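Presented below, as structure tokens, is a lone chain in the form predicted on its own.
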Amino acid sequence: MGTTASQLGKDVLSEYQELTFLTKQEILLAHKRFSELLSKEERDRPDTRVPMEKILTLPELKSNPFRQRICQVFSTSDRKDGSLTFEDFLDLLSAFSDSATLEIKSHYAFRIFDFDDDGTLDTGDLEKLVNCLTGETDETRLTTDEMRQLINNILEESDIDKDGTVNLSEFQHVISRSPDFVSSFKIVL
């Protein structure tokens, strides 16, 4: 389904609309913003990848504490470098759109928080998650005891089968009880 970055045909635009939670206008704006990250030569090549470093310059991602992890999750690069094609970029925006379902949003949130990509949120993932949210400076970093207590509290609340990790269904169960999750899990261009 690759397309040249310099223009989107009607058929491709319609296909993107069918495959995402994005409107025609949102897709065109996403295309414009993505194209601005490319050189003139790159715009004429199909399936051009934008390096993660350039994607992270977008104001919508710049201040997100999970910005690098978001790129890694949505990247289809074999090199696992976080680079994005236009279609990867659309997938990212679709999952973070207002129209995406709770199931889609919670699935991607889980994948973003699963730092080691093993299908569960274990103590290491939860520690990285907390550090991303609190910042990793000396002033904001939790002490070892505070971190241990917080992770124990998270697991006590979320780990239904008591295996010491949070799986996707347990995560989705917790998220379903959080009314503001859907509205806060978004990126708007």
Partner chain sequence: MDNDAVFYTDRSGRITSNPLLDQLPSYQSLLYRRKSSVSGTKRRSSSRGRTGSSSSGKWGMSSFTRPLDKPKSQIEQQDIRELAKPMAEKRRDKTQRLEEARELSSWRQWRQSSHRYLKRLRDDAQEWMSSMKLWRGDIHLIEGMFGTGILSYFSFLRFLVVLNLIIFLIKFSFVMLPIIIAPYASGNITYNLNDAGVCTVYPSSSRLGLVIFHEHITDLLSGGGFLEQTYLFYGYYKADKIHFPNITYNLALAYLLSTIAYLFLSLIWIVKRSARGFKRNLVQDEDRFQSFCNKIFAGWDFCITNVNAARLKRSSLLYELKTDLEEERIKQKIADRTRKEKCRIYFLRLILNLFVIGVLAGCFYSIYIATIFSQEAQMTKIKVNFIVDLIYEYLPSIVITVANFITPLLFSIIINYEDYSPAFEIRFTLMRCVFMRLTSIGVLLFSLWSQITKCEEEPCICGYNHVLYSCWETRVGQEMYKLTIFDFITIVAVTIFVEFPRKLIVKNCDCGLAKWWGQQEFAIPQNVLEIVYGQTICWIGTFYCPMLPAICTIKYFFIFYIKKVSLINNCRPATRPFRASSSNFFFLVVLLIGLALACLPVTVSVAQINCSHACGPFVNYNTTWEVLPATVSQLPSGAQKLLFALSSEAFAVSFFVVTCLAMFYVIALAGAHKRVINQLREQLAMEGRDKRFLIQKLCQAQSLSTSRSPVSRPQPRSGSRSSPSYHTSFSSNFNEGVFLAHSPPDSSTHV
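Just so it is clear, the model here is predicted, and its values are computed rather than measured. Numbering follows the first chain given and starts at 1.
The protein also exists as the form predicted together with its partner chain; that form is not presented, and the subsequent description refers to it.
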query	finding
Exercise: G9 in contact with its partner chain in the predicted bound form, heavy atom 4.5 Å	no
T140 within 4.5 Å of its partner chain in the predicted bound form, heavy atoms	yes
is_contact(E42, its partner chain) in the predicted bound form, heavy atom dist at most 4.5 Å	no
4.5 Å heavy atom contact, S75 and its partner chain in the predicted bound form	yes
Joint contact, Y108, D117 and Q172 to its partner chain in the predicted bound form, by non-hydrogen atom at 4.5 Å	yes
Residues from 60-82 in contact with its partner chain (non-hydrogen atom within 4.5 Å) in the predicted bound form	E60, S63, N64, P65, F66, I70, V73, S75, T76, K80
